[in-house]
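A single chain, nothing else alongside it, follows as structure tokens in the form predicted alone.
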Amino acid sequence: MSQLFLKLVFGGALALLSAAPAVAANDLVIGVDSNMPHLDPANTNDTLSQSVERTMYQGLFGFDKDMKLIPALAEKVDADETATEFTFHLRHDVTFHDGTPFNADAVKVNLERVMNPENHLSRRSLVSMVSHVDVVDPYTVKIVLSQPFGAFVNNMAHPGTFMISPKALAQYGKDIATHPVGTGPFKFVSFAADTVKTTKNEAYWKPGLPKVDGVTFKSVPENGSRFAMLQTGEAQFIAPLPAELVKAAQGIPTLNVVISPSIIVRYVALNNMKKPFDDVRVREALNYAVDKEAFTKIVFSGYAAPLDAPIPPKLAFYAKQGEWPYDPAKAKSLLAEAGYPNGFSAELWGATSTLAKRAMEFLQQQFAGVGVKVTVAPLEAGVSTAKLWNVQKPEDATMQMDFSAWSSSTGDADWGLRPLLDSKSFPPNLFNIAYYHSADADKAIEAGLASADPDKRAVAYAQAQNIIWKDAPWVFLSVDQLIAGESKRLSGVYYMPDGGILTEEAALK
């Protein structure tokens, strides 16, 4: 690390220290790298905003720090054998922050709000299979589906189905996005794009929690400044901690560096409906053309691992498939066999972040090694949305290759496969921008939802992963490791595998 870089980081720390506002000793401040657009969980598409929402909101079920399903506002659930009826038995001792009782009527109001297509909520896909919601008694609710859906309880643990006070929904309408009222350990205080403040919920239903007086999320996109906040004590937790600052952080006795596995996968989506990517030999060749170990070292400074299945190891029903080894000679042979002995030219899209640009430049060099000439084209978020997600018909898609990332925040194989690789998920319905269509893969994915029996679901998803791996609709790249920095005064904050942050058990000493 250069002396200049260290001066900038430590100089920034002093500047931040002198400018930092006073914060109560038992308040937790978390520094993050992006803004929080709004706080309506049913209309939130980014993991960071979901992390903020988790301080104030809860669902019928939730996830622990390892993304394992746990009961939350429901004590238990009963499912029928066909995975079409789910009966949730609710807690009796919970109220919303505004005093409104949490009960079966509140569940019905919330789910029907998300289900209603006229509300245009982005998380409607989580409940699109729901036929109707029946209130059995004040603390029992039956949810009847129009088709089998074995992952339904996982969907009820996704932040998109958090429970909002019915009174607040009636009072604020669409403005609920800036007036959150939930049942969580912290209550809303204030919202701005770069700062969200909460305070302790004194009436929280879990005994002994919360242990801090409030949680504040502060957006600090610049890496050095975010690290400086941690050094000066203005923040007690920052995420992500950039890989290039890990050694510096490990050398500071008051800090801990937390490195943990994730379910964030990186891949290049190939448009399977466009030449030359409609030929499986070309798609295989591109997989052989990339040195995945080198990719993890150069792009992620080693804080990643090669992807060995279409979904990551920490996701439920993962089935390891092996690897696509680095073999440029085989890649060239396959390209020649497919009719491209001299390679071809294509455009590679991706985000504008430093990491995405670094990844695309690495891939450009790797593909050039087998004769494939790739032009790197970073796209701003709005342009990317229009070109990738707003396509009405597959033949209108102009994407050839896209450097992509995905995290399944339901913790289940369904959300790691169906939105990305089922033929019913072509945009604008969902996110299959590879326009991959396999009748066998579709059948296996659907079989995974046709039962609530974990053993049957495991068999189906293993079959789906095997088919997809062999068809190579993507260039399979890597799985991230998560890196956070925290004060040694702090405990009980967890960086979840999907990139979310849990603060319920936070404590400062």
Partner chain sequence: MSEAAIGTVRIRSPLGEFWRRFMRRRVALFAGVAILVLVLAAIFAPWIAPYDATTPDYGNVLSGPSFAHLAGTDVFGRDIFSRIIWGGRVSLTVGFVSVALGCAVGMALGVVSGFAGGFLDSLIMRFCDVLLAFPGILLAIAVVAVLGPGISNVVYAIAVFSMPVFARLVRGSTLALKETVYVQAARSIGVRALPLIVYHILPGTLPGVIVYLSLRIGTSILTAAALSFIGLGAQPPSPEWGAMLSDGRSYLGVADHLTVFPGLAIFVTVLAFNLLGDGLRDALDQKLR
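Only a predicted model underlies this, so the values are computations on that prediction, with no experimental measurement involved. Note that the rigid core is defined as the largest set of C-alphas that superpose within 1.5 Å between two forms. Residue numbers count along the first chain shown, from 1.
FYI, the form predicted in complex with the partner chain isn't displayed, but the following is about it.
Peer 1: With the cut-off set at 4.5 Å between non-hydrogen atoms, does residue 189 touch the partner chain in the predicted bound form?
Peer 2: Because no heavy atom of residue 189 falls inside 4.5 Å of the partner chain in the predicted bound form, the answer is no.
Peer 1: Even though the partner chain is not shown here, does residue 362 get within 4.5 Å of it in the predicted bound form, heavy atoms only?
Peer 2: Residue-level check for residue 362: yes, a contact with the partner chain.
Peer 1: Flag residue 203 as yes or no: does it have a non-hydrogen atom within 4.5 angstroms of any non-hydrogen atom of the partner chain in the predicted bound form?
Peer 2: No, residue 203 is distant from the partner.
Peer 1: Can you check whether residue 354 is within 4.5 Å of the partner chain in the predicted bound form, heavy atom basis?
Peer 2: Looking in the predicted bound form, residue contacts with the partner chain include residue 354, since a heavy atom lies within 4.5 Å.
Peer 1: Only one of 180-188, 279-287, 363-371, 429-437 has heavy atoms within 4.5 Å of the partner chain in the predicted bound form; I'd like to know which.
Peer 2: Correct option: 363-371.
Peer 1: Of the options 341, 325, 378, 71, which one has a non-hydrogen atom that comes within 4.5 Å of the partner chain in the predicted bound form?
Peer 2: Answer to the contact question: 378.
Peer 1: Would you mind picking the one in 320, 358, 424, 92 that has a heavy atom within 4.5 Å of the partner chain in the predicted bound form?
Peer 2: Exactly one listed residue reaches within 4.5 Å, namely 358.
Peer 1: With the partner absent here, would 46, 121 and 124 each sit within 4.5 Å of the partner chain in the predicted bound form, counting heavy atoms only?
Peer 2: Not one of the three qualifies.
Peer 1: Has the Cα of residue 362 moved 2 Å or more between this form and the one not shown, judged after a core fit?
Peer 2: Residue 362 C-alpha, core-superposed: shift of 2 Å or more.
Peer 1: Superposed on the rigid core, does the Cα of residue 293 end up 2 angstroms or more away between this form and the one not shown?
Peer 2: Residue 293: C-alpha displaced by 2 Å or more between this form and the one not shown.
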